[in-house]
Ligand SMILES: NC(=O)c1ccc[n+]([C@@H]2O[C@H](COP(=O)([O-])OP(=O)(O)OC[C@H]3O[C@@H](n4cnc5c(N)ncnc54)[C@H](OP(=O)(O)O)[C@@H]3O)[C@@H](O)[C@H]2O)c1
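Shown here is one chain on its own, the form predicted on its own, set out as structure tokens.
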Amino acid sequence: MSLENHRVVIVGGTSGIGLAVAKAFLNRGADVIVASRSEEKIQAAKTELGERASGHVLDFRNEENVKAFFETVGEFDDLVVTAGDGVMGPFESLPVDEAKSAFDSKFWGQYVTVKAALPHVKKSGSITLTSGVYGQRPPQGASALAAINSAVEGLARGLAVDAAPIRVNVVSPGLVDTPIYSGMEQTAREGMFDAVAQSLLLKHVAKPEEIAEAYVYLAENTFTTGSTMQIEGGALLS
């Protein structure tokens, strides 16, 4: 399936995986609309992506804000949501408010986004959400994030039925080298990446471009829906 002249909305498309997804769709001939909470990031992304990209400020946790955004966008082909904050910490001591805040972001943010987008997605189009490998194999301290990721995957299965023939799928990445870790001290970050890499079958931490190809595949393939694509370097088998 060609993505030439497709209009693709990428919520969270200004950095990390989302920015790589935007570049991958542009390389397939699509036009992209990126959205995030930061005007500064939007302007930087538009400069990097070029003239076939536009951008909008969007807080995807705000239902009215999201509804107005999609009314402005109008009809489009494919929706990708990569935005959403997770949370880590021991179950016994992690404050409930922090877990709820993460659910409000990564789960309810995606839920609200799809609800507002559906009237504008072409029936031949697709929706791709984002979970994470901790939904299948959580380490210690990831109970809340495991629950959030599992909820996103369950939502996609239900939406695949309710929204058909629009295709609804999920990409579940493992650890990815993105700017989200830029706040860590360099030695600590490199040590974490090296440790994770050694635990994986493929012996390296993913780059955003490796994950982005999964989103493109799910937009191109017209016979895949209700699926979760695990892109985790063999973490589930190691």
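Residue numbers run from 1 along the displayed sequence. Since this is a predicted model, take the numbers as computed values, not measurements.
Heads up, the form predicted together with this ligand isn't pictured, but that's what we're talking about next.
Looking at 47-55, 196-204, 23-31, 170-178, the stretch with residues near this ligand in the model of the complex, meaning non-hydrogen atoms within 4.5 angstroms, turns out to be 170-178. Although the partner is absent here, residue 219 is not a contact residue: none of its heavy atoms lies within 4.5 angstroms of this ligand in the model of the complex. Not displayed here, this ligand is approached by residue 131 to within 4.5 Å at the level of heavy atoms in the model of the complex.
Proximity of residue 126 to this ligand in the model of the complex: non-hydrogen atoms within 4.5 Å are absent; the residue sits far from the partner. The shortest heavy atom separation between residue 230 and this ligand in the model of the complex exceeds 4.5 Å. Contacts to this ligand in the model of the complex (heavy atom within 4.5 Å) from stretch 45-72: 58, 59, 60, 61.
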